[in-house]
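Quick setup: one chain, the form predicted alone, written in structure tokens, and binding and motion questions come after.
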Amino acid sequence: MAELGVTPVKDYKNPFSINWLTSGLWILVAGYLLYTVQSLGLSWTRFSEGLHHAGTLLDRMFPPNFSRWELLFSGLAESLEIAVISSVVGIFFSLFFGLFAARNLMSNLVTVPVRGFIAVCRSFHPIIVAILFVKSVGFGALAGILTLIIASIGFIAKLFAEAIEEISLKQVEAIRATGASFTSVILFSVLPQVFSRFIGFSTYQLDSNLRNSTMVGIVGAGGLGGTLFSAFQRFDYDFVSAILITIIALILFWEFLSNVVRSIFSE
């Protein structure tokens, strides 16, 4: 065939052939979804009734009531204090935990337990951690601060360690070749490569702590969340609306500031 100038026909695999394993997995997923919808009692009737109740709730929330601005301001100020203190302390400790968790700088004897501790900090929702601290240290801002410090370490330390593992080791080796100490290697070869990313991580964590500081207050960990929970208990929905609007304004204002900070450090 080849001598006569005729190209032999090859057996091509059908690109549209059915993958029975993948199809079976999709069928299992679809069947499980149907089962969960039925077992949880989800229905269009419940959804439509919920929309009706939500409309009634919104009618009672507007117009918002800012007459108790002193109570609103005190709760907001406490939330800000909780967020700032927990962010500063949590980010400070995350610097060290992130360095010790970086596998390109430390041995497994150091990175494995540190990464395990970071994973534990990230394992539980802040509400659960807040309940534990409220039971331990009592109601108030201290429980909220400790809760958000743990949350900050679980998030920032992990991202910081991953950022360090992506650095160029050529600069590290160059600094080490001069006989510099370990501290000098970190300050002059590691941190300059990850500084801009660390600023971004830090501003995001402060934004997250601002939101979470209002949330942990619901379980007694201080802040505006306690005021919000009390307003819900009193069915004081117009004041609830004022609190929610204040929280939204706070987050939007911080979003503006964080963009300004990122633009300054990116130049």
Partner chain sequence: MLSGVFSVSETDSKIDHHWQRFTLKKQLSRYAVYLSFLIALVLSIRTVEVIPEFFYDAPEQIADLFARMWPISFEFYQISVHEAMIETLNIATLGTLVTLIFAVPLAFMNASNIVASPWSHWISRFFLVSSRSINSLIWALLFVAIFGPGVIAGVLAIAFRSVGFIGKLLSEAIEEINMGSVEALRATGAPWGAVLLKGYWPQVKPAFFSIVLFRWDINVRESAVLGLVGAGGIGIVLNNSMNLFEWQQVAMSLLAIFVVVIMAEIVVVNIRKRLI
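Note that this is a predicted model, so its numbers are computed, not measured. Numbering follows the first chain given and starts at 1. If you superpose the two forms and keep the largest set of C-alpha atoms that fall within 1.5 Å, you have the rigid core.
The form predicted in complex with its partner chain exists for this protein as well; it is not shown, and the discussion that follows is about that form.
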**Message:** Taking any heavy atom pair closer than or equal to 4.5 Å as contact, tell me whether F124 reaches its partner chain in the model of the complex.
**Reply:** yes
**Request:** Answer yes if any heavy atom of S136 is within 4.5 Å of a heavy atom of its partner chain in the model of the complex; otherwise answer no.
**Result:** yes
**Request:** Could you confirm whether I128 comes within 4.5 Å of its partner chain in the model of the complex, counting heavy atoms only?
**Result:** yes
**Asked** Is Y237 one of the residues lying within 4.5 Å of its partner chain in the model of the complex, judged by heavy atom distances?
**Response** yes
**Request:** Identify, from the list V110, V84, L105, A180, the residue with a heavy atom within 4.5 Å of its partner chain in the model of the complex.
**Result:** V84
**Request:** For the heavy atom contacts within 4.5 Å of its partner chain in the model of the complex, list the residues of 51 to 67 involved, in sequence order.
**Result:** L51, H53, A54, L57, M61
**Request:** Align both forms on the core first, then report whether R234 has a C-alpha shift of 2 Å or more between this form and the one not shown.
**Result:** no
**Prompt:** Core-aligned, is the CA shift for S67 between this form and the one not shown 2 angstroms or more?
**Reply:** no
